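Next up is one chain by itself, shown in structure tokens, the form predicted on its own.
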């Protein structure tokens, strides 16, 4: 098959990946904008490389003419979560989307593959708009935790190296590592509330500091420079104390000062 023809075949898949990455990142952003925990931590996507497509086609006995009908994961989206509990939430989000029609779900978390691989797969139909009209294609969406993704990335590299001939000793070590990943996910689940509290506290602190710095920067253009310098010095003193309540109070006071200057500017 000519290179140009491959490009034409794969172009809609790349479009689907690009669009879905943007859409799922927007889902994540919506959670963050509403100041609530996002079950989606990382969004990635890829179109399967031509050598990988050919290798899979050969392994499954699929002809070149039937590639797009028989290979479901040419377009792939990966949604990575912090906790195992988040996976079901993400699955529900996908099930409720009107732009995705679910064809099949594969649960490799409840029952992992013999290799130790754990993930949740959804095969869905997604329609892209091309210059030749709409095209409905299949997309594989993988949902897994950070720990599962780490293991899977390593396992994939080793499978690529050894093909069907991975040494038994290495295979057993991967299985033990998969058990360790499962234990890690379970341990993280047991302290999920504490982890989320810490993360929310860090996000809240970062937001307050960002607001303070924005106000100081804006005051620099409208207020007395010496007053702004004093405000900045006071901020650094409070920041070094690492006291959230003091930071929040200072932020409110600074909002009032900034609002006063804005009002004065409008009156002028």
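Quantities reported herein were computed from a predicted structural model and do not represent experimental measurements. Residue numbers count along the first chain shown, from 1.
Absent from the display: the form predicted in complex with a small molecule. The rest refers to it.
* Heavy atom of residue 121 within 4.5 Å of the small molecule in the predicted bound form -> Within the cut-off, so yes.
* **Residue contact check: residue 152 to the small molecule in the predicted bound form, 4.5 Å heavy atom** => Residue 152: yes, in contact with the small molecule in the predicted bound form.
* To do: Using the partner position in the predicted bound form, report whether residue 142 sits within 4.5 Å of the small molecule, counting heavy atoms only.
  => The answer is yes: residue 142 has a heavy atom within 4.5 Å of the small molecule.
* To do: Answer yes if any heavy atom of residue 73 is within 4.5 Å of a heavy atom of the small molecule in the predicted bound form; otherwise answer no.
  => So residue 73 counts as contacting the small molecule.
* Is every one of 226, 240 and 252 in contact with the small molecule in the predicted bound form, taking contact as a heavy atom within 4.5 Å? -> Checking in the predicted bound form: none of 226, 240 and 252 is within 4.5 Å of the small molecule.
* Spot the stretch among 61-69, 228-236, 42-50, 197-205 with residues whose non-hydrogen atoms come within 4.5 Å of the small molecule in the predicted bound form. => Of the stretches listed, the one contacting the partner is 42-50.
* Have a look at 111, 173, 136, 156 for me and say which one sits with a heavy atom within 4.5 Å of the small molecule in the predicted bound form. => Answer to the contact question: 156.
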